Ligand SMILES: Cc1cc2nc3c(=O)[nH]c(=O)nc-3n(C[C@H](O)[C@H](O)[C@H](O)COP(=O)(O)O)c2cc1C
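Take a look at this single chain in structure tokens; it is the form predicted alone.
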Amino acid sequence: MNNNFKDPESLTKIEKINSEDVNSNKLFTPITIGKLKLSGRVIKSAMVETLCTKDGFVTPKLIEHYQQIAQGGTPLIITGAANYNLYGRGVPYQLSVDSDNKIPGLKNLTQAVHDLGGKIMAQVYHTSRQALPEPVGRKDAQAPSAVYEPSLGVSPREITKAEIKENIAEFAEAALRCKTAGFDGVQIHAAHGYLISGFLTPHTNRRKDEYGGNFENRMRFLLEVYSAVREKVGNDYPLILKLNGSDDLPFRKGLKTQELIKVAKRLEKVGIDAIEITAGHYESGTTFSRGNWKGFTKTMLKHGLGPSLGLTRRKGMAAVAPLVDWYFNKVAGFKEAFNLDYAKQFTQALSIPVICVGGFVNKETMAQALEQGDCDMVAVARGFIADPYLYRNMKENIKGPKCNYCNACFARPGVQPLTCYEPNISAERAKMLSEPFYKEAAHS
């Protein structure tokens, strides 16, 4: 592997992980993504916030959410998924970058993070068939092919070639909007079965035209999106990709790790600056959101998008909820660093930074992943919801609130704000945020 972007002097032995000298812990050593210099190797990964207006405008609550994470010294923040058109919108109250009238609010967000010394990127995506159309005000869903989505019960229509071209142009305009608003980069979401991921995967892409069929054709949409975005934002603007390490679609034509490494290598060749590795489509079940599923279905039906599912489907899910939750825990209960085996293979194959997301909880696990060369950075989502000061607390060896992966926050997107809903952890979080030490330390 070509390590020319790394600092050789930062390499240390695993036994030094718990040293009080932060310079001996690779978590806290600098790294560069393209032209963007970061102070450490921990990223706040994307998670839908449900903190915007219903139309996707930035609110003071959204700014406060990210100010807290920036106050903790987090080297890089990636926003929750932001849509660039109505078909790409997944849930209400989601961040949107679909028009220029969003720019003033986006500027307020980036400025607030920058004022605290932080860096922030926008994740841009199209939800495709993996969202209920009605709650966001559309009649149907677009997808590469008209393949039924079983987890939500969505029957999409095949996106037309004219719409493909429109989406490519809109994606590029959205990226330029992000740059204009002061974001330090853009993450192109090509994972989890969303539109780009759907084009890559044979199971969801059954087209007979130049966007379907063989590997090159299925790569076409992603490459055209990247090319259009790069043309708009310029060669020096950091662009990163979120990509599956495995589609995890047993008995279906999903992509496996080696095929996805081919995708990553193509993007590296054309100029992507880093890649974040995750896994799974929605219909994979629990692949990219492992945790404790006890009570999840009931919570989602009561406090999440359950009422939008329709009475018959809702009653059916309520009837089998305990069995579904038991099964989810059986096959995909919590496992720390659950995508690391995938990330390791990408790290070995690529020269650009590889970021691993998925179940990182403990400082020791994060540091070991870096020390062993399994990845170049770690990304954390739920951990930052429980503890916005996670990075500072790890760096200063302070015990903060720790996510127990109860998945209560995962049950509420589009309906209730993103925060910690586990009572004990939530109380510890609130106490921490109220303490003057943190407010003073944030500006030191």
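Residues carry their position along the shown sequence, with the first being 1. As the structure is a computational prediction, the values presented were derived from the model and not from experiment.
The next section is about a form of this same protein that is not shown, the form predicted together with the named molecule.
- Judged by heavy atoms within 4.5 Å of the named molecule in the predicted bound form, the contact stretch among the candidates 54 to 62, 392 to 400, 26 to 34, 378 to 386 is 378 to 386.
- At a distance threshold of 4.5 angstroms between non-hydrogen atoms, Lys242 is in contact with the named molecule in the predicted bound form.
- The named molecule in the predicted bound form comes within 4.5 Å of a heavy atom belonging to His192.
- Although the partner is absent here, Gln123 sits close enough that one of its heavy atoms falls within 4.5 Å of the named molecule in the predicted bound form.
- Using a 4.5 Å cutoff between non-hydrogen atoms, Gly359 counts as a contact of the named molecule in the predicted bound form.
- By the 4.5 Å heavy atom rule, the three marked residues Ser45, Gly80 and Leu418 all count as contacting the named molecule in the predicted bound form.
- For the options Ser284, Ser289, Thr257, Asn167, the one in contact with the named molecule in the predicted bound form, meaning a heavy atom within 4.5 Å, is Ser289.
- A heavy atom within 4.5 Å of the named molecule in the predicted bound form is found for one listed residue only; from Thr278, Ser197, Thr110, Gln130, this is Thr278.
- Within 4.5 angstroms of the named molecule in the predicted bound form, the stretch 394 to 430 places a non-hydrogen atom from each of Tyr405, Cys409, Phe410, Pro413, Leu418, taken in sequence order.
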